[in-house]
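Alright, here's a single protein chain in two forms, structure 1 and structure 2, each given by itself as structure tokens.
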Structure 1
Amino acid sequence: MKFREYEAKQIFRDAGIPVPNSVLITSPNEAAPALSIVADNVVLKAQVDVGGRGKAGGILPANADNINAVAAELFGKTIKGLKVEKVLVEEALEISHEYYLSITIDRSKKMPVILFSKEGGVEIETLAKERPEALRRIYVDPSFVTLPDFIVRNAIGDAPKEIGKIIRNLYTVFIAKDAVLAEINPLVMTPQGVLAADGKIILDDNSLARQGISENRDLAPREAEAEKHGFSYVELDGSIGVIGNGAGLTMSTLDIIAHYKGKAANFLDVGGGANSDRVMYAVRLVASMPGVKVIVVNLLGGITRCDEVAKGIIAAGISQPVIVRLAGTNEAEGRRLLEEHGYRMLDTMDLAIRAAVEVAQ
């Protein structure tokens, strides 16, 4: 789950990382009072969870002469599909240099890695690809609770030494918040010193309860519904709904759909031992996706009973056709139930998936 910029900066502030003066507002009429608190010249920054918001018009300069008009303009925008509902009024900075700093996990090495560059404010993926020598990578032993001096020195090189304290404090944030990413881009040099001009923190979703967060607000409504039922669920952009049990079988279903030139609408793994209610919720969830023309249910009945699966499909009562492949425990009873209610149950996953692709086309 992502923290928004204003939340990340408060975490930075609490950890001793310098940030610009700012006030969060939720309506245009709060802008002028905020300006009087922050600075004579400010930038208004839309608090939306998208990259490239500056290029999309989500960051606008303002002063006492135009603050109300600029705030009204920004609150009236939709940026990459997200309506602007919160705005950070932040002091405009006199920037002499920009740096890039982040800490993330290198999953291949199973270690945290500090990424630092003297060229901030850029798309770091592009920099890493086109000029990898401009990006320092310093790996950190996972047993370190705080950063040793030699790691900090290696990270900053000949950059200003005050950045070392920021790196140390950012690592403390990274560990304390169970983060998978803690990023400052840009980290800027100003007459007041080095400041975090932007901030991003992404938590490991598995740590939300430990962090005292009851709900993952990054989830779309269907994703939240899937999480409530314990489904492994990912939305895609096709027209063939997919329900399987087991990640391998469900992924194989997606592969065969692609092989026959179809496009899957989702990945949904109901897990083992699914009863009729669980299957019903899964079918209804997939059917609620816009553009789904047909659903293929591909399940193996071990601890999952095929007759329970059939009852769940029937109870879902959706309008789209459902093409089924069931094999295993109580298979004959499952077939009988489905055929009685007009559902197609085919003998192999290949036949079922081909039939679904034909319906979708």
Structure 2
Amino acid sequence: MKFREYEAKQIFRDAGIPVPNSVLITSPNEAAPALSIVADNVVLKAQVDVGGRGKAGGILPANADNINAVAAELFGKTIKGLKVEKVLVEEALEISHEYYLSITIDRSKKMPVILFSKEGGVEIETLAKERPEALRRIYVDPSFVTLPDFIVRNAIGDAPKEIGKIIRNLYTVFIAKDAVLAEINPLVMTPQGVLAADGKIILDDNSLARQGISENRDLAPREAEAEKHGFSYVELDGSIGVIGNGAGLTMSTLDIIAHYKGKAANFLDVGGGANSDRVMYAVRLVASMPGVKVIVVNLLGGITRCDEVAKGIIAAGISQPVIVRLAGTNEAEGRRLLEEHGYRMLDTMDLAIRAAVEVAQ
């Protein structure tokens, strides 16, 4: 789950990382009072989750003379498809230099890594590709709770010393928040010293409960529904809906779809011991994604009983065809129920998947 700029900056402030003065507003008429608290010259920053927000017109300078008009303009905007509903009124900065700073996880090395560059403000992907030598990567032993001096010195090189303290505090935030990314882009030099002009924190979704967050607000409605039922669910861009039980069987189903030149729209792993209700929710969820033309259900009955699965498929009552491969416990009864209700149950996964690919075409 991702924190917006205003949330990240509050976390930075609490952790002793200097940030510009700002007030969050949710309507244009709050802008003038906010300006009077913040500064004579401000920037209004749309709190929308898009990259390159500044370039897309999401950051507008304002002062006492034009604040109402500028605020009305920004609140009226849609930036890369997202409506502007929250705006950060922030003091305008006199920037003499921009740096890039982030801490993330290097998955292959299984270590946190500090990324620092004296050339900030740019797209970091572009910098990493075009001038990789300009981006320092300093790996951190994951057992460190705070950063040792030598790591901080290595990271900043000949950049101003005060950045060292910011790196330390950012690392504390990174650990305390169970983050997978804590980023300041740009970190700026101003007459007031070094400040975080922008901020982004992404939490590890596996630690939301530990962080006291009950709901992942970034999930799309179908993903949220899947999480509620404890399904593993992923969306792709084809037209075949896939339901399996167990990661292995579900992945094999995707492989065979690809083998027959089909394309999966999504896949859902119902897990072990699925009863008819769970199967019904699974079928409805997979079918509710726009573009799903046919669903293939590929389940192995062990603890899961094939007659329960059949009842769930029938109860779902969706409009798309459902092609079924069921094997195992109570298979004959499952087949009888499905055929009685006009569903196709095929004998092998190969046959069922091939049939689904044909229907999708």
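By convention here, residues take numbers in order along the sequence of structure 1, the first being 1. Between two forms, the rigid core is defined as the largest C-alpha subset superposing within 1.5 Å. Keep in mind the model is a prediction, meaning the values are calculated, not measured.
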Answer check: the form predicted on its own matches structure 1
Residue 80 C-alpha relocation of at least 2 Å between structure 1 and structure 2, rigid core basis
yes
With a threshold of 2 Å on the C-alpha, tell me if residue 318 counts as moved between structure 1 and structure 2 once the core is superposed. no
- Item | Rigid-core frame, C-alpha of residue 294, shift of 2 angstroms or more between structure 1 and structure 2 | no
When only the core is superposed, residue 65 shows a C-alpha shift between structure 1 and structure 2 in angstrom of 3.4
